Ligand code: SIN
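The chain that follows stands alone, in the form predicted alone, written as structure tokens.
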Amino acid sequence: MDVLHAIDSDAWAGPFASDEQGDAVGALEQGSILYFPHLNFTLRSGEERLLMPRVLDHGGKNVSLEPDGTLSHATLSGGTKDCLRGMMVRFSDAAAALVETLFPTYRGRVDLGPTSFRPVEIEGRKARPLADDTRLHVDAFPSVPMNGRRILRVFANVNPDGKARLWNVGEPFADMARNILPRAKPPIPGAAWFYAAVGATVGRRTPYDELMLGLHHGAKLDLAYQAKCPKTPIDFPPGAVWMCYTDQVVHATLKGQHALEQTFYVPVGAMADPSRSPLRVLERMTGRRLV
């Protein structure tokens, strides 16, 4: 499997040829990163002033824009806040157009998640182990159960100073699961019901969600795994756009500042090959239904 699948397009809404679409969805679903070296997300006049760490409050990991328009963890107000929201909405719209035109089988079946802006340099930033994105992991959300849905993310490096965003990509998902699951802590009986009842989760965690959290937590806390896991470093230069299933690609972000990110939730049934989903992989490994 190639870690990167490059697509030579400079238009967010395509058009894309049918064979290009087929190759792209095949690469995406097998766990590759789709890389668009020439796509670029161009900032508008006045948006350059947003590229500073102080737009993020001290309690946030990133500025977050929910689909309902709620903006969180931004220190701005008035017109500057509106400018930030406008930039993030434009990126969200562009990312949605890209997903819709590149993956016809996903069209009309994908739910929009949060949009993020990450203005702080990640290298050297202090974080709790489970929040430390410089450690290899797959994405899983403690408070938002996926119930088997996929986590698809589109990224853009908008750094104005020529600095790349450096990732490490680890081993294939199935290999990571075989390594981590035997040592992952089992869920506390009744915990999923309790967290849903008190509003700590948006709905009840399924066995799938518990296993994915076990993989996320287990990988980040296992320093021996972090040291020994095979890694492929990738530099994403300013202007580059990339996307992947972050619940499948074992990844870590080591360096970089000023990136935009759009999350989408994709049902397994919308995939061209559902057997490649983490849900189906984990069901084959455990021999039971997980949703």
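Predicted model, so just to flag it, every value in this text is computed and none were measured. Don't overthink the numbering: it's just position in the shown sequence, from 1.
What comes next is about the form predicted in complex with the ligand, which is not displayed.
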Candidate stretches 71-79, 105-113, 207-215, 149-157, one within 4.5 Å of the ligand in the model of the complex by heavy atom: 149-157
Heavy atom within 4.5 Å of the ligand in the model of the complex - the one residue of S32, T253, S64, T263 that qualifies: T253
So, R118, D133 and R165: all three within 4.5 Å of the ligand in the model of the complex by heavy atoms, or not? yes
Evaluate D139 for contact with the ligand in the model of the complex, applying a 4.5 angstroms cut-off between non-hydrogen atoms, and reply yes or no. yes
